[in-house]
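Here you get one chain, nothing else, as structure tokens; it is the form predicted alone.
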Amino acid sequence: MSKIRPQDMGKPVEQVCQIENLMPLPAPYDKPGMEPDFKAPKDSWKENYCATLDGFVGNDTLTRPKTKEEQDEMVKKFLSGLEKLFNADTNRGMLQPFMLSFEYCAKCNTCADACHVFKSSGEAEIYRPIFRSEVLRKIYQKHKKGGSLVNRFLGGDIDINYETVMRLGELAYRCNLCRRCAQTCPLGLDNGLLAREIRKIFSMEMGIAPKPLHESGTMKQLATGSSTGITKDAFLDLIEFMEDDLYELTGKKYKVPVDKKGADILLVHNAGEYMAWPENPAAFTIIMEEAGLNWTLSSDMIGYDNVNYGLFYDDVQGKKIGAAQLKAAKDLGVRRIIQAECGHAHKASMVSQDRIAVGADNIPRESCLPLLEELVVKKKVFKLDPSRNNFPVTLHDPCNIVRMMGIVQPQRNVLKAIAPQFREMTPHGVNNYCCGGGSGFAIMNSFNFTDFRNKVSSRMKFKQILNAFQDTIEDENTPKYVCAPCSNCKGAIRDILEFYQATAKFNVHYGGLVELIVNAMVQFDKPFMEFLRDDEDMF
């Protein structure tokens, strides 16, 4: 389709949008053959899921109705959920900001220039932030006012059929909910919020949410305590393995405190760290112990895993997880909770769940970043040698920590103290771009959705990384490090470095902030980070 309009969402076409002009990447990815092509959707995907929006399938529970009755039922449920978004009894917590964003858009399109998905796609119309919002507005107008000629002129000019509903359900998962558009909007309106409200209709009214978020995420966490599904015994084994690894690497025996009643700090990680990046909780262990802090981990599964995927798609599920996490901390009698390097857990714990536990039930929740700044920069607790990190380092700003919560400077002050070749991305701070894995994309790997993530939603981040390292990017002997103090962001950055073979070809690595801190500690003979262990000149 040449010029796509919101009214086209219900049209009987094989695919509403085809991405054709991706945003160019800097050197060395400006040459032909440096980037894998998109994978075409399979016929079975088209038959059973919604591949008619843009050819990608992100929501693997959004299955195509087989009969006219199923089609009508899908539309009926969607409209029932839509009604509830506008009702104070069923959407009290979000009604006011939702209505402000729904009703007052001036359609100036300022948000479009701020959206990394829209720009990366070559400005494909369906990814324009207000496109999705306009589809929702037109559906509501048509539903409430009917299909008269006058109402069609007033905005109700859209067909409300199952194809419109399915495509909107997919389109809600083409937004990272990074809120960069809301920050830019001159009226302060939030198209990301509207995208999440659409996700709520599908999850809370229709029982449709991507399996990695709901079935493998929230439901597994509520059933077992952890989104990883590991048991308490397995977790305690992981801690023992980590202690053994630390002894082998440092020559020092560290004992991780677990279930220490009345500790000052309960440190909570994204449980995925223990499985994918165990060096991160290991580095936290060294820092907490060397600083002499009174801290503990919880072996109560819901108390050690700070993941809360309900933040991305479902108010009720998010509240269940948040309440259980706070109870686990309360049972331990800790004075405060410190969130380790996980962006969405920061927001879920400190902002979204702020009204779950009040008064005597409340436990203060804090970010690890100001604590790290206090230890490294202000109190200078550790003996550090910045020359051990003398290679190019850049910083990715997790949206939920930086743009949502305003924690901007502590991580920078630490990096300036320990990484001589630290350089900023452009833009950075609250203006930084999402990693492309936000709002659950980092763990959504169904069908060909990874192509959308790696080639579209993470494309702007990859461009920023390449630009930050342009002086050495093609020098394969110089290691480059992307510091990303967030588990979801690390997952997205890991995938784009693998997808574009940037680690194998150009020696680009990624990890958290605490690994760099420990790597600079003078008491250890070996580099903490594995990719440096063959380079003895660093030490």
Partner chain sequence: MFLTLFTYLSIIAFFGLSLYKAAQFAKMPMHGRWELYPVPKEADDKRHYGGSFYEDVEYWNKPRQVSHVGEIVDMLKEMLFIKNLFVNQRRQWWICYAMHLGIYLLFLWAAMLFVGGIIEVSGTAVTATAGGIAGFVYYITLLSGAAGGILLAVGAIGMFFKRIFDETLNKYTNPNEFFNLFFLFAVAATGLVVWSGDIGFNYGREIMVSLLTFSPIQADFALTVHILLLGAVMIYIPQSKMSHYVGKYFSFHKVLWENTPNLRGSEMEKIVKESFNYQPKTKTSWSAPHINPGAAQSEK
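Small disclaimer: the values here were computed from a predicted structure and weren't measured. Positions refer to the first chain, counted from 1.
Unshown form predicted together with its partner chain; subsequent notes refer to it.
Just one listed stretch, out of 283-291, 123-131, 300-308, 445-453, contacts its partner chain in the predicted complex at the 4.5 Å heavy atom level, and that stretch is 123-131.
For the candidate spot formed by D331, C342 and L513, no residue has a non-hydrogen atom within 4.5 angstroms of its partner chain in the predicted complex. Put simply, E279 is far from its partner chain in the predicted complex: not one heavy atom of it is within 4.5 Å. When its partner chain is considered in the predicted complex, D354 lines it closely, a heavy atom lying within 4.5 Å.
Residue contact check for D190: one or more of its heavy atoms lie within 4.5 Å of its partner chain in the predicted complex. Of the heavy atoms in K145, none are within 4.5 Å of its partner chain in the predicted complex. A heavy atom within 4.5 Å of its partner chain in the predicted complex is found for exactly one of P427, G93, G262, G251: G93. Interface residue among C115, A348, L85, V268, judged by heavy atoms within 4.5 Å of its partner chain in the predicted complex: L85. The partner is not shown here, but in the predicted complex the stretch 154-178 reaches within 4.5 angstroms of its partner chain through a heavy atom at L154, G155.
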